[in-house]
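Okay, so here's just one chain, in structure tokens, the form predicted on its own.
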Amino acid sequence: MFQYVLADLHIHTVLSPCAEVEMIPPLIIRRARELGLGLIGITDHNSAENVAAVIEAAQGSGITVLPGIEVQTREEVHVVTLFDTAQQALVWQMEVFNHLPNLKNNEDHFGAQFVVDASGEYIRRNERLLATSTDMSLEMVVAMVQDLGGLALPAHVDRPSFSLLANLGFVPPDLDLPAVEILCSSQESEVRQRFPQIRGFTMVSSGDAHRLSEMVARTIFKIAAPTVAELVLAMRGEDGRWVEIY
């Protein structure tokens, strides 16, 4: 049996230095319920340290939380990476940390990076600089995520910075992508017209939310279950599954 699931696959918490202090697990889940979302992705910059807290906060809400990371490649391309379990995301986090420069975060410049519990209570700061590039290429990120059983989506491809098209100008021909993400303010038809490089790709629209008001309910999936494998099938339009942007 199929289900129709509204999703926002790109949401930041207070672990991301550019996120507002309101981006704590219980308020994220409350806002997701207000929007009618059934599936959300937690994707902080280069870290997954708050994913378990959001998963715990979502218990009993009817909302599935996919743990993930928004990785910045060496080309300064942002990539949304998503997994089914927190354990997978933390394994990926270890890989990401191994490819980040060993620099300390400058809170005055970038903002604080808070690790919190399911209620949003402060646990500690991540003192490592997260708002920077790894030394991994785009191709390396996509391949490694897929090897771990995850999903990799180039983020906000129509954004004029930190995006696949702004930074590379093309899609590498050997890159195995089931879809790309567009800005939540963009219309799919206009993006396809402006960027012929991605006309043939499935598109999803997510909030890239750094505050609660930026969470969106624009993308609907027809899937059998809210899992990474089902999302990939829907993005590829296989076996009766599909994805559409409102």
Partner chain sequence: MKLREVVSSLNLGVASASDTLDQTITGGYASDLLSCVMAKAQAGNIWVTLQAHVNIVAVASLLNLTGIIITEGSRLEEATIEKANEEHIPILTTPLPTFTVVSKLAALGIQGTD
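Residue numbers count along the first chain shown, from 1. Keep in mind the model is a prediction, meaning the values are calculated, not measured.
The next section is about a form of this same protein that is not shown, the form predicted in complex with its partner chain.
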Want to guess which of 144-152, 109-117, 165-173, 122-130 is within 4.5 Å of its partner chain in the model of the complex, heavy atoms only? 165-173
Although the partner isn't part of this model, could you tell me whether residue 95 comes within 4.5 Å of its partner chain in the model of the complex, counting any heavy atom of the residue? no
Using 4.5 Å between non-hydrogen atoms, is residue 85 touching its partner chain in the model of the complex? no
Using a 4.5 Å cut-off on heavy atoms, what residues in 73-87 are near its partner chain in the model of the complex? 74, 75
